[in-house]
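Here we start with a single chain on its own, the form predicted on its own, put down as structure tokens.
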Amino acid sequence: MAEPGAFPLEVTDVIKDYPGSVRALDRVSFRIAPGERACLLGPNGAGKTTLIRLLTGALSPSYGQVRLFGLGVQHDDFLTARRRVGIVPQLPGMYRDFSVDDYLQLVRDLYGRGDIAEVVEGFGLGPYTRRPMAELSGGMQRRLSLAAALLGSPDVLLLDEPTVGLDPVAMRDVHSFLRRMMPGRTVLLCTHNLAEAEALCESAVILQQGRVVLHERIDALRQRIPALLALRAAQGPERLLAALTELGTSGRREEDAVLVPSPEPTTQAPELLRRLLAAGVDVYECRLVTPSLEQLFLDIIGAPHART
């Protein structure tokens, strides 16, 4: 059940205080639209884990509202809404004595639906169904968490650091599974891995000191920082920098390349290359560099934000 026209995830003016006058969240508000794949970013202590726990119903806000499909935690149908959410916790939370099959049966009973055989096959858990969960590798435990989250065919996925602590091979496998799970679902991915966030998400919610400083599409964020042209010349970076200065163009050295801001690279790059060639500088590489999510994130949290 859901309120007509409601957002799958909605946080309104939320404050969360802990004992000792610790304010983890300070009037946080944002909404995740149906089908939106958003990453939740922020430095350590920004309030990300607290926010995820509020959205799962594990915590209650000190003030404000947290809603799933328009239903707050006090609503009679909140549990029904909660069953439409699949959760992958930061720590798998293994029931050490349960077998894989026992655990998936428990999850199915809690959600009241789901095809265990389907998720076992989809996540390659067939050889492990009778194995105690405590004996699974870290990567296999994370697979099991993903299978459990998907078992109830959720409309929303809450992913709290789904690849933390995994080796590169296990991380690659989890990313592959996530790419299959995400289409058609609303997703909130909490992660410190900015490359992961950029690969899997289309928008970002950035927390800093318990407040939302930004909620925007990643492609729109990129427009805040001009693209760069990475140039390499046969005469070396110092000669290239000198020639750019003579042409009235700024640049900065990065190892053996020179980076030149270029808001309109398709029109500016050809003209710049012609002028450098005429100045006797042989540019053998010209590559467009767009800002990564990591650069955007550092630019945003590094700038002062007025509290309102």
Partner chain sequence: MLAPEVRILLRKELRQLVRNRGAMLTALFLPVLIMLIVPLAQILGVNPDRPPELGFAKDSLPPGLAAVGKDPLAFMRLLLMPLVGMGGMLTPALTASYTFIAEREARTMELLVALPVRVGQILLAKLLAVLALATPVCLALLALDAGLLLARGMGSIGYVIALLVLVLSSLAFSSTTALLVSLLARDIRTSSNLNGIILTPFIFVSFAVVLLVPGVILAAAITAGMFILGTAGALLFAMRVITFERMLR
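A quick note: this is a predicted structure, and the numbers were derived from the prediction, not measured. Positions refer to the first chain, counted from 1.
One more form of this protein should be noted, the form predicted in complex with the partner chain, which is absent from this view; the next part is about it.
- For the residues Asp167, Asp109, Glu238, Asp219, the 4.5 Å heavy atom test against the partner chain in the model of the complex is passed only by Asp109.
- Taking a 4.5 Å heavy atom cutoff to the partner chain in the model of the complex, the contact residue among Ser29, Thr56, Gln268, Gln65 is Thr56.
- Interface membership of Phe78, defined by any non-hydrogen atom within 4.5 Å of the partner chain in the model of the complex, is confirmed.
- Though the partner is left out of this view, Arg83 does reach within 4.5 Å of the partner chain in the model of the complex, counting heavy atoms only.
- Leu91 belongs to the set of residues with a heavy atom inside 4.5 Å of the partner chain in the model of the complex.
- Although the partner is absent here, Ile87 sits close enough that one of its heavy atoms falls within 4.5 Å of the partner chain in the model of the complex.
- Although the partner is absent from the chain shown here, none of Phe177, Gln223 and Leu296 has a heavy atom within 4.5 Å of the partner chain in the model of the complex.
- Here the chain stands alone, but in the model of the complex its contact with the partner chain, taken as any heavy atom within 4.5 Å, falls in 56 to 64 among 56 to 64, 35 to 43, 271 to 279, 249 to 257.
- Contact residues in stretch 10 to 46 (any heavy atom within 4.5 Å of the partner chain, taken in the model of the complex) are Lys16, Tyr18, Pro19.
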